[in-house]
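Below you'll find only one chain, the form predicted alone, shown as structure tokens.
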């Protein structure tokens, strides 16, 4: 199947009462592991990449790699720009034929966030999903994090969604980027945000949240959960273990194939935790 719009993934998951995992890729092994897991479970999914992770390859390479592997897959998958921090990043991802976009100016003032996000909406065709962030999610990803984390204010949600015209709203409700084993969702706050929002919600920082919390997110209007650190750790760990076992290891293809399996297993577990009935 060809890549679909993020709008299609949202619609499919909403109709099925499922939550789409959104899994970050950086290379071939990660991409293959993600899609192998998606084929096993059959839940519509986002594959995504942040601007910090296209420094090696560029957006076009990521598109080509993902689209080629998906050609033989029947599950709807969208290719998403994660944490586009500038309009230039949005423009580059759209030029590379990404099918879903995130603009993130959440560290700026509310007014500036609205202005930047509205500009991104104007650049993004209506059939391509647009995600924006309200409140600033804490933690670090790729050693980058906000200077000040701030929870999402439910009172700001209706005006922001209407002013920008977003299709998904990323929220800060106790979730934390990166490896954060003590992160916990504030479900009372999440419920208030859900009630204030006319669009589905997105939770970043899925790697650090406990399974029992991830399994409840569908009840609260969440349609997309981002997972990155768990996948990267699986790949790095696989190569590290191979080196530890044999300092003269030279079979790159063997270890790469093991990394694909490790990533596949992590992704499959996450999708099943998010969707207990899948």
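Numbering follows the first chain given and starts at 1. These figures come from a predicted structure and were not determined experimentally.
This next part talks about the form predicted in complex with a small molecule, which is not shown.
* **Options 116-124, 91-99, 203-211, 186-194; stretch whose heavy atom lies within 4.5 Å of the small molecule in the predicted bound form** => This holds for exactly one stretch, 203-211.
* Wondering, does residue 226 line up within 4.5 Å of the small molecule in the predicted bound form on heavy atoms? -> Yes, residue 226 is a contact residue.
* Asked: So in the predicted bound form, does any heavy atom of residue 199 sit within 4.5 Å of the small molecule?
  -> Outside the cut-off, so no.
* To do: Answer yes if any heavy atom of residue 157 is within 4.5 Å of a heavy atom of the small molecule in the predicted bound form; otherwise answer no.
  => Residue 157: no, not in contact with the small molecule in the predicted bound form.
* Is residue 178 one of the residues lying within 4.5 Å of the small molecule in the predicted bound form, judged by heavy atom distances? -> Residue 178: contacts the small molecule in the predicted bound form.
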